[in-house]
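One chain comes next, on its own, written as structure tokens: the form predicted alone.
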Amino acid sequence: MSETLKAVSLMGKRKARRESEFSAMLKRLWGNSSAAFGLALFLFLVLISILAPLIAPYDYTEMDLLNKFQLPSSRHWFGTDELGRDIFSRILYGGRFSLSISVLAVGFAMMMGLAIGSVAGYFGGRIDNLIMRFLDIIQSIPGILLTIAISAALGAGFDKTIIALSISHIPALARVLRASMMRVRKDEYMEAAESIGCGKIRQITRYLLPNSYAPMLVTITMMIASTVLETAALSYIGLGVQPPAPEWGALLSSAKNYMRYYPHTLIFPGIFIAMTVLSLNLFGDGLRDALDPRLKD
């Protein structure tokens, strides 16, 4: 009985310490001006994409052949493309495709990575060895090459692009979580959880994951940024979201033939891609610093 009470007390102390560490991490994160700016910029891009129907002055499919290749003006803030479509409106709507594909692809990869990494990190032994060798096979193929191959096999489309992008990211997330869980699983509170009869699933979800997710958060943040570029790359070569959907990579692809004489058709979509990647990298760097154990008081 005393051993059980001691185990419960130990887990309670660990939970309180984790909450205090989380509060300290948030304080360090918001104290980092670069991270705060990056998060604010990313949320701004997400917000204007969500509100595109209210903000966009034109329908993104509306053509005006008499006003094609118009330079930026008060009527068309970012000018018009080869079909007279308003580039500003198309970029706003394009953010819905680029950002949602990137977030959903990383989200799906995260769920698969959580499941695979948790099993490998908790059980170890032969199960861990089998899983790791399988992930080695996947990671032996360059990520963008694997994505292109899967996308070409599945075909173009919104859902197929998400699947193609997510598969190449699963091994990295699974490995990060596995490494973190293997450090945590030998702590005293895990022995305490086992001593009071906690089941394996409860041990993983209740105690291991809450104390192992931090490195994975940083990886996810950086991964969304790289996935935005990969999404644009797939659309650029014709394997991602197809016209007339105004995905940012598709906008770059349609503008490449006119960049010499009408560079504005290429510059503005490129700026929004760069802003998205920059914002996530700034936030990811700040999050990594906030979670760095060496910075803890």
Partner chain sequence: MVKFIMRRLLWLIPVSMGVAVVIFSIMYFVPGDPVQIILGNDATPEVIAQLRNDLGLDDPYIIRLGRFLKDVFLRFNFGESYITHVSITKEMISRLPRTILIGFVSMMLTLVIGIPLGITAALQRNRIGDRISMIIAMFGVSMPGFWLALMLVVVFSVNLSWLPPYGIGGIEYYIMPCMANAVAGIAGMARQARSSMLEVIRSDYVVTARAKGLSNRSVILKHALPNALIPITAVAGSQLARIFGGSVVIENVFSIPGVGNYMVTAINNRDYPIVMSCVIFLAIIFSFVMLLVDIAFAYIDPRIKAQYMGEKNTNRRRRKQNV
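Numbering follows the first chain given and starts at 1. What you see is a predicted model; the values in this text were computed from it and never measured.
Form predicted in complex with its partner chain: not shown, discussed below.
Chemist: I need to confirm a contact call. Of Leu114, Ile131, Ile144, Ile163, which residue comes within 4.5 Å of its partner chain in the model of the complex, counting heavy atoms only?
Modeler: Filtering the options by heavy-atom distance leaves Ile144.
Chemist: Heavy atom to heavy atom, is Asp136 within 4.5 Å of its partner chain in the model of the complex?
Modeler: Result yes; Asp136 sits at the interface with its partner chain in the model of the complex.
Chemist: Flag Lys256 as yes or no: does it have a non-hydrogen atom within 4.5 angstroms of any non-hydrogen atom of its partner chain in the model of the complex?
Modeler: Residue-level check for Lys256: yes, a contact with its partner chain.
Chemist: Since only the chain is shown here, I'm wondering whether Ser73 would be in contact with its partner chain in the model of the complex (any heavy atom pair within 4.5 Å).
Modeler: Contact with its partner chain, no.
Chemist: Could you tell me if Val176 has a non-hydrogen atom within 4.5 Å of its partner chain in the model of the complex?
Modeler: The answer is yes: Val176 has a heavy atom within 4.5 Å of its partner chain.
Chemist: Let me test this: is every residue among Phe37, Leu45 and Leu104 within 4.5 Å of its partner chain in the model of the complex, going by heavy atom positions?
Modeler: None of them does, since no heavy atom lies within 4.5 Å of the partner.
Chemist: For the interface check, one of 150 to 158, 106 to 114, 92 to 100, 119 to 127 should have non-hydrogen atoms within 4.5 Å of its partner chain in the model of the complex; which one?
Modeler: Residues of 150 to 158 come within 4.5 Å of the partner.
Chemist: In the model of the complex, which residues of 253 to 274 put a heavy atom within 4.5 Å of its partner chain?
Modeler: Ser253, Lys256, Met259, Arg260, Leu266, Ile273, Ala274, in sequence order.
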